[in-house]
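Let's start with one chain on its own, the form predicted alone, as C-alpha cells.
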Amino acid sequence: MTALEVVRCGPLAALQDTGRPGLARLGIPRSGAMDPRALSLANALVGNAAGEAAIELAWSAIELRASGGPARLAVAGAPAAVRVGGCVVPHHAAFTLEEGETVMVARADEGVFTMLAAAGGFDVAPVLASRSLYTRGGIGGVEGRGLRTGDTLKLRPADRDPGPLLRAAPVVIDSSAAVLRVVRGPEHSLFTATAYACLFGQTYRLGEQSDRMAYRLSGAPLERERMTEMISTGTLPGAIQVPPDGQPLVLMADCQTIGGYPRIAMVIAVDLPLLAQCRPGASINFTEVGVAEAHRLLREAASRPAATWTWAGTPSAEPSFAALAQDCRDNTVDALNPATWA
C-alpha cells in the first residue's frame, strides 16, 4: 500500500475535509478546511471527490516521502514553493511522487492556508463521519492531533484512473486586505446607528490573536444601544460577534456552537475563505447585502468552475465540471432564520 511518510513538518499541519455539519446541537463544531475552495480544487486535480480529506498547512512547511509505490499529489490554496528533489513543481498542478522521492512544500508566500491532496485520499479512520481535526476536542486528524515528524499516512487506492496530469490557473490571494459582504445578524437591533456607520464605513485590522476558532479585529468600537446580558444562543462560522469592548470578532471553522455575545452581522459563505487567507495586520472592510443576494452569490459560485483548467491530454478529453456541481447545495445561512442554522 502506498503511504506518505512525514519527514518533517511545522506545528500547524493537519487533516481537514468538509467537516461535521449537523452536529452543533450536540455541541460539536463543524471544523473542516478554512478555505473550502482550495480543498475542492486540490482534490479535483488528483481525481478525488471535492470533500475528501487533505493536509491543511497553516502558514507551515512540510516534507513528505512516498513509500510502497508512487503517489499522485496536488497543492492548492495559498501559493507556496513546491519541490520534488531539486525540481520546482508548479502550484495548482497535479504531479507524481515516485516511491522513495520526497516533496517539500514551503511556507506560503501569500495567504495562510495551503492544501495538499493525494489521489485516493488518506486511509485514516473518520470520527463522526469526518477526518477533520478539531484540536480543542481532540477528535479527528491523526489520533486526535495534527501531523508530526515520523507519522506515516497510508493512502487508499484511487477509485478511478485520474488520467493525464491536470493543471489549474493560479488563484489570486490577497493576504493584506479583504472586502467582505455581510447580512445583518439576529441582534442587529441592539446596536446604534453609529455602530453600523463604523462597520460599513471604517477599516478594521486583523489582529495577532486569531486562529481557527475566531479572527479578532481592531478598529472603531461598535456601540450598543444598551448593555444587556444575553442568553447564550447558537453560533456558526461567519458570525460577527461583538464583546463588551466593541471590538468585533469573526467566528471561523472551529468556532464554539453557542455564545453570549450579540451578533451584529454574518459574513456570507462565499466570502469567508477570503478572510481565512488574510494575515495579521490585513485591512478588513465590510459591505452589506441582503439574504437573497447572498443566496444568489452562492448559487453563482457553485455553478461555475473553481478555476480555468489546462489539460495535458488531447483537447477532446478535457474534464467536465458537472461532477463538482452535483453535490453543491444552497447552504447559505440566514442569520434571522434559526431553521437554516443546522
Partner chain sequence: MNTETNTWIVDQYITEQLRIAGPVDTDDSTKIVAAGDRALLVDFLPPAEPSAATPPRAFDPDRHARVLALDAAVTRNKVAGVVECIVAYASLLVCYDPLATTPEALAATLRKLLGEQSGAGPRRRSWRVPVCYGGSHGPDLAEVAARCGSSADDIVVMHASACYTVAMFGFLPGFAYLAGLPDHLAVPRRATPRTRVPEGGIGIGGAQTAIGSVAGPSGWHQIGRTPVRTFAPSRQPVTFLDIGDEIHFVAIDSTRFALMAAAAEHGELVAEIIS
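Residue numbers count along the first chain shown, from 1. Nothing here was measured: the structure is a model prediction, and the numbers come from that model.
As for the form predicted in complex with its partner chain, it is not shown, yet the points below apply to it.
- Proximity of Gly137, Ser232 and Glu288 to its partner chain in the predicted bound form is complete: all three residues have a non-hydrogen atom within 4.5 angstroms.
- The stretch that touches its partner chain in the predicted bound form, counting heavy atoms within 4.5 Å, is 250-258, out of 74-82, 111-119, 94-102, 250-258.
- Shown alone here, Met266 lies within 4.5 Å of its partner chain in the predicted bound form, counting heavy atoms only.
- Heavy atoms of Arg37 never reach within 4.5 Å of its partner chain in the predicted bound form, leaving it off the interface.
- In the predicted bound form, Gly141 stays away from its partner chain, with no heavy atom inside 4.5 Å.
- Put simply, Thr194 is close to its partner chain in the predicted bound form: some heavy atom of it is within 4.5 Å.
- The contact residue chosen from His188, Arg216, Lys154, Arg107 relative to its partner chain in the predicted bound form is His188, the criterion being a non-hydrogen atom within 4.5 angstroms.
- Contact annotation: of the candidates Leu128, Ala220, Ala158, Val124, the single residue with a non-hydrogen atom within 4.5 angstroms of its partner chain in the predicted bound form is Leu128.
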